[in-house]
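Just one chain follows, in the form predicted alone, and it is written as structure tokens.
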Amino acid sequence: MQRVEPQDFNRVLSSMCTEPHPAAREAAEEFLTTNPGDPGTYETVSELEQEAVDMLGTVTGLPNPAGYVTSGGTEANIQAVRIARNRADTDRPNMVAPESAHFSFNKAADILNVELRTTPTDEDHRADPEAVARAVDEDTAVVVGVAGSTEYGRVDPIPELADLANEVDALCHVDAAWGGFVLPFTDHRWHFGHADVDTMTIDPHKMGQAAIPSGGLVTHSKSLLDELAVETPYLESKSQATLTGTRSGAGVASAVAAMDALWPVGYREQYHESMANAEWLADRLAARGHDVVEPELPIVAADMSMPVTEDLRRRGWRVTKTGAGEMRVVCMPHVTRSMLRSFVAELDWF
């Protein structure tokens, strides 16, 4: 069989994943065949997973966190909704999320039989607390906020959303899958130390520069994690709170290695570099007459005609569109200034 090489990242501008840190890549390979789903047998990777969760707690302002390393943000979001549903004292649970929330919440609603109530965002693409207040009721199990939205990199008013959740005895879940490793270096109020947040999604395999798959679900209470537990009678450990059973220890080890190497100095430097690249690109696009959604985090959205986007893809550039039709560029660690200069130079041909 002919050997097939993986796609490189030199023209990928739309992905929220990136090339892993060298230490993360090495750790992933070393722990590839271990199984944290059987912690009694694979004790070393189980200990590493607790280390990963502790480090994620440090990043998200949470002492003594509970949680686990997931396959990614989708699994973590589904599990957060599952925690809320299992805890809720209602036969008709609903979740309230802004229209900017990730499509994984649609999956969670379908799988878990939880009504999804989607609320409009404000003019700057953030959740509108007044709209959320109108949507919650006594059957609301969880209120969702986004800290680094997929399309525009916006941060919802998390403290206000947490207060609204408390008013109806619902949980507050924050999806910081992409934003969690850049927000510590901003002035945003988004994590457990800023608001009464109950669960959070944060993915090391995005801006955390771990290898795929390496997501994260973090909560302030082991009792909330226990809402997910099922008995595992034939394993050495007698219960399991994860969604997947067998899973590779590669993600666990890779997450620890990446955070060991980069927290906090490396992540801070990367945030400033990525943000500078986003602002540079936004300025260049605006100078060429495009309406640009100013970057709050390292994501740039700009109005761009469909033919231009299609031509860019034919030239090998991987770019996507927002729901409103703007071209979207995510300034991940692999997106260099040199790459962006080449991209803008090709735009000038159109």
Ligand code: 0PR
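What you are looking at is a predicted structure, and each value in this text was computed from that prediction instead of being measured. For every residue, the number given is its place in the sequence shown, counted from 1.
The next section is about a form of this same protein that is not shown, the form predicted in complex with this ligand.
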Proximity to this ligand in the predicted complex, single hit among 251, 148, 208, 98 (heavy atom within 4.5 Å): 148
Exercise: residue 156 in contact with this ligand in the predicted complex, heavy atom 4.5 Å: no
Partner contact for residue 72 in the predicted complex: this ligand, 4.5 angstroms, heavy atom: yes
Touches this ligand in the predicted complex: residue 125 (any heavy atom, 4.5 Å): no
4.5 angstroms heavy atom contact with this ligand in the predicted complex for residue 177: yes
Segment that reaches this ligand in the predicted complex - one of 162-170, 73-81, 269-277, 182-190, heavy atoms within 4.5 Å: 73-81
Partner contacts for 86-109, taking this ligand in the predicted complex and a 4.5 Å heavy atom cut-off: 102, 103, 104
